[in-house]
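Starting off, we have a lone chain in the form predicted on its own, written out as structure tokens.
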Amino acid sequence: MKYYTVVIPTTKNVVGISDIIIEDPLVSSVICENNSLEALPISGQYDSFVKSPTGVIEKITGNPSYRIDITSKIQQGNSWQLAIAIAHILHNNKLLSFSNEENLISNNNVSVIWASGTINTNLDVKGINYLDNKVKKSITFFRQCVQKNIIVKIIISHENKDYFHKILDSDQFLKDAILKKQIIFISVKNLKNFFEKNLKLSIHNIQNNSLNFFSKIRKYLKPIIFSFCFLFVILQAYNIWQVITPLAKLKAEENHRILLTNLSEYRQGKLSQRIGAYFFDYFQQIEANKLNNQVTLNFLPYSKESNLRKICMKKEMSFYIDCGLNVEATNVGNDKVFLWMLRYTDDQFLSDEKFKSVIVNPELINGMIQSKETISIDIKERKKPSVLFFVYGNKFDNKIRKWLLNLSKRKSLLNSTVKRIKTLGYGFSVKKINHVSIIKDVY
């Protein structure tokens, strides 16, 4: 089996190829110098030269990513394309012998391919500039090869053929070596034709033999993953919709008991049920926030006694204990709103922050406030600790009144009542007035 060493001529020196490694298809191809950790500036051009659809190497070998090491730097230009392409094809067919930094010809039983040119997507070989400088910098290398009886094949584009013959006229050594067939000059129009005619290799066969399973499906991988993700999202959206729809129906039918039971189960259930419950709660919270913003509460202390009128003014969130108290509820929105208010008093309120005592003297009112209108509520017996529980809705619901009446009998229902009201999308506000008449938010 005949092996080849491929070298790349530049205007400074002759560069050898010291290694070619197939890399992960998901990373970019790079060119490095002698196994260093730093990619050379031409690595971006090399990656485009390798990877389909811009490049040609992947189309030939089936591999989309490589690391290639060379014996010295190539900083710019594209004339390395022809030599690199030949090296890849030979490497893929296990016919390439690598160079090393000290000696470009590490195996004397080889033929050397000296190639310079660019390649297009049809594998046509195009001409280059500075061919005379590259040949001049390679004369010493050619002499070493002739001394070792190593055949050198100079491969350039057919477009540079006449220019190369002019160079021969000025270099007797090169002319004699070609006459003695120690150096063989080949001008090439197409890389595929070169391999079939001169090296008896079919690029078509190389490509078919080297394609692996991944490279065959690689171009379909992204659409497959996208389709899978899309179908997964659609399926999950359908499952979530199947959860939310009956919940919304239960709310519309005001079947609150079953609605609250189902929500409690869904919050601990399967993924689609948990997500469905989350979205239901989220949209209910939006509705509740809208209602909370629609109603403003204004606490106004007052007195009918002339000597108290001047001091019956609210200072921050407190007022004088002997003053009366009106609560103005204003609907600042464009739609009517229904309001419920529960007031209860408890002499043990301050010593029992967890609301465990029995509540006495409940007071419950409800009504409708039209858009831009205000109602006034007179708070009686304000000297006793009191709790004001306001609920807002966009329609009348008799269950709200029932829940508030139950709360007035059993203070321990406060947290569960708040949870119910939030879950059903009602707005609410809970205020506390203590024994020194300080108004304070509870929730």
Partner chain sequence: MNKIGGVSNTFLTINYLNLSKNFSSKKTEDKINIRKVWDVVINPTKYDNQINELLKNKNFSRVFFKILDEEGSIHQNNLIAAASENVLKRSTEEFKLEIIPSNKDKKIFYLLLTILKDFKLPLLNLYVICNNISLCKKIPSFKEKQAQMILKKDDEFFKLITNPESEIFIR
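Only a predicted model underlies this, so the values are computations on that prediction, with no experimental measurement involved. Residue numbers count along the first chain shown, from 1.
There is another form of this protein, the form predicted in complex with the partner chain, and it is not shown here; the text below is about that form.
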Touches the partner chain in the model of the complex: S28 (any heavy atom, 4.5 Å): yes
Would N35 count as touching the partner chain in the model of the complex under a 4.5 Å heavy atom rule? yes
Quick one: is S48 in contact with the partner chain in the model of the complex, heavy atoms, 4.5 Å cut-off? yes
Since only the chain is shown here, I'm wondering whether D69 would be in contact with the partner chain in the model of the complex (any heavy atom pair within 4.5 Å). yes
Contact residue in the model of the complex, from A39, L413, I379, I375 (heavy atom within 4.5 Å of the partner chain): A39
Candidate stretches 414-422, 397-405, 39-47, 55-63, one within 4.5 Å of the partner chain in the model of the complex by heavy atom: 39-47
Sequence order please: the residues of 172-196 with a heavy atom within 4.5 Å of the partner chain in the model of the complex. none
